[in-house]
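Next up, structure tokens for two forms of one chain, structure 1 and then structure 2.
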Structure 1
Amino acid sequence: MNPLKPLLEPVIQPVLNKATAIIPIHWQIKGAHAFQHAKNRVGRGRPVPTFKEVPLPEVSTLALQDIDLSNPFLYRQGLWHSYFKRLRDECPVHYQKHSPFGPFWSITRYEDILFVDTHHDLFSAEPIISIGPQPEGLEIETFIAMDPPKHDVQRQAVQGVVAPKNLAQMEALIRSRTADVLDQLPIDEPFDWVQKVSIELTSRMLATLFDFPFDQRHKLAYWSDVAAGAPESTGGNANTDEFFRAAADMAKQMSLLWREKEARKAAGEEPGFDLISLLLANDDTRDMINRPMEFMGNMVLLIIGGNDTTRNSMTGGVFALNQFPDEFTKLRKNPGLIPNMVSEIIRWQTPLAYMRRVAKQDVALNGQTIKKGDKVVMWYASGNRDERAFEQDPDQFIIDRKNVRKHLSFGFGVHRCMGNRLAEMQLRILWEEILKRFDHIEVLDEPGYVQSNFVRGYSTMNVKLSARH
């Protein structure tokens, strides 16, 4: 028995569990951080893994049971494709016993993924949807990781914000902010598309969605990167202290923003179309700030959900059109293909590699028996390349692909991406505005890739623009 325990636990442990409105949320997070530090010092914390990159073997040299899709370097090293294909062909429901994240099942074929995603009665999204757990001490409650009926109540409270009706109101503003970014880009000169366009645009969009102080918009991208990059969750390289600091900072700023809007509303100001104003206008959610974990959960989910997914689709589209130059020609000839191309970009990139579930009972699937309590990972990135599901070669990037909207990148079932229309709208606007201005975007060298088993993303991509004549 350690001597610190009786002192610390009664004071700090309950604060993150009980929805208390008395202690500001960011203090609660700082409290949890201090508690975690104390726990680690006395050796009671859960160890955080670190990942060191080594060249991975060709999949053909491995025994089936040694294939580990949770390796955070598989995407960066360009091996994901062959690893997934081998499992799809030889072992579509595959068990990995000894990964750094513990044992888990991999589901790699389109039809099986659809089965798991639509059976929330058999497969639970709780407690979290990454292969590994959330950082200890900061287990936030978000509805992406809740089962019905709790999930449905929470989602219904916020989904109006990104409903197409509301999006139509935001389109002009998003378009002018997009145009502004593109107008400032250098012509005939190398620059990093990720920083200057993808990050900039998604930060602007999120700042618009939240009516967040525009000059501080880069914080939104930063918080999202840190939150998605925890090593124990996704094999990323964010550090735990940074994680807690970012969470506390975010809680503080978002609460301030909420209070400010609440005051403006009370003073009779006309509410805007931003997320917080809409939450304040709804009877079910107007006092959400008094339920801190729910409040934080929703803020985090929207900030992360809307961030690197869209960002990496913005980069991925340019990369894909460079790898398949005939498609770029097709696009220039027929900009009417943009909406279909946007879906094809999202399929081809698959910005989130998977969602994870836990079996609620024993389930027989494709010849295997998944036991109650086992982790089950639905590899959307593999299902989107499943030759059995797509008529035209799924490894090709085809901007006028038939039935492309059946892709798995947004998931299916009750958790289907809430922001899918917003993401599609942003990408459509981006490409409409690009074609008005530029004749070509040339990718100059191999992009940099993010370390993660979850986010399929780019850290850098150098490009050069040629103006439209």
Structure 2
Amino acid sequence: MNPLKPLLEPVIQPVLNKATAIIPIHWQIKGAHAFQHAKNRVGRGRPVPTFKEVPLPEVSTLALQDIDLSNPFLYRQGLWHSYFKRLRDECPVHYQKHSPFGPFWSITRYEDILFVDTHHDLFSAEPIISIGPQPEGLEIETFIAMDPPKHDVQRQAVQGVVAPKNLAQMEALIRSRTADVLDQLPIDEPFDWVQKVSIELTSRMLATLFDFPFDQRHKLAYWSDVAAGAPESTGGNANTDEFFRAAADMAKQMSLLWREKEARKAAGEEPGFDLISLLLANDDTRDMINRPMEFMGNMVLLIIGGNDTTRNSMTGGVFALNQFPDEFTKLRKNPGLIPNMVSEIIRWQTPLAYMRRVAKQDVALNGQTIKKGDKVVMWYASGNRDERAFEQDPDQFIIDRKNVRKHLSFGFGVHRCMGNRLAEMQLRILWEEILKRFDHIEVLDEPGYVQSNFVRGYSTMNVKLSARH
């Protein structure tokens, strides 16, 4: 350690704080990008893993210690069921020493995941929730990756946007926009459901939540995809240059939006009920823009939170009903099953495969000792398919499944998904409007899957609609 650091820090830190509060965030990001380029040119940058897809082995051919759930191609190659099942049966608390993301524990059974998720006193969400680190030079801070009390303060500032009264006021708008999107779809002609429906509807919802310019709404979905696609974090395929460019563009536009709302507030205008207005109205977060990485982190968190869960469940529900056509028949006969089916879609799809924690102390769990400082990954995608937790075959899609709301997709404990009710409402309205218009949605070929160990998502899915007679 530099012996001068304790002496210099009280002098340097205030100067840095003032500089970051004055220099526009997007210029700070561009500066960080240039600095990383310079480090890479002289060989001082941190290596970024490169993932090349090759056929993965059947899990039965592997020794337990060689099973690596962090591989971003497990979902695309359809092997995740068997990999998770073997670990649930033989080694539910599993240590992988040699993954590209460093060593980590995999928690694969429902009850063990629930234990980790509800014990924030034993397992910390800090500093991040992904298996791997954030891109070097852009280490953002998000409240989902904070522990109480800081987590609670920042969450409290924005959770009013999904309060019951506000949700009730949003329902008519969500329904009208859903109807508008569905009414423009072609009948008896192939089209991409992901682009035409899932991305379009979630982009519209995000624009509403942020009061973002409606004609630029697709930027929100793009920023979400790039932020969640960093190879060092999740095994995605977004390159470093694209990541920094997207981050700078997002920082510029969200900062301008923040400053505009800040000026309106200062002029005495009644604040709106969008996410930025709520952050500005809270004493603990109204100056967040002066803390660039915290500002960026929470913008990214709120955008991804409003995008991935809903968007991939909108696609996953259509795919599931094609995999299990008897359930589609059951749904048409009894539309009253839609609310329960929405929970089953979210369980069956599990849009975000996992959350990461770090052990705060040595913890004994299911016969294993997790050491203080160890990385622990709760595999929601596995827990939602755990035969010990779900009486009916959890690999089946059953729209009237009993107790389906106990699924893990939203998490549990202090970090439970803030927007779960909004996501459920969007999906419920989508299926209510679908049944009014269409007799059938046929999936024409195997969907395209996102490259990631974190997002269980779809890049494309070609379908054809039959009009309701």
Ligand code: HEM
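Just so we're on the same page, residue numbers count up from 1 along structure 1's sequence. Definition used throughout: the rigid core is the maximal C-alpha set that superposes within 1.5 Å between two forms. Worth saying up front: this structure is predicted, and the values here are computed from it rather than measured.
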### Query
Where's the form predicted on its own, in 1 or in 2?
2
### Task
Establish whether a shift of 2 Å or more occurs at the C-alpha of E294 between the two structures, with the two forms superposed on the rigid core.
yes
### Query
Taking the rigid core as the reference frame, is the Cα of D283 displaced by 2 Å or more between the two structures?
yes
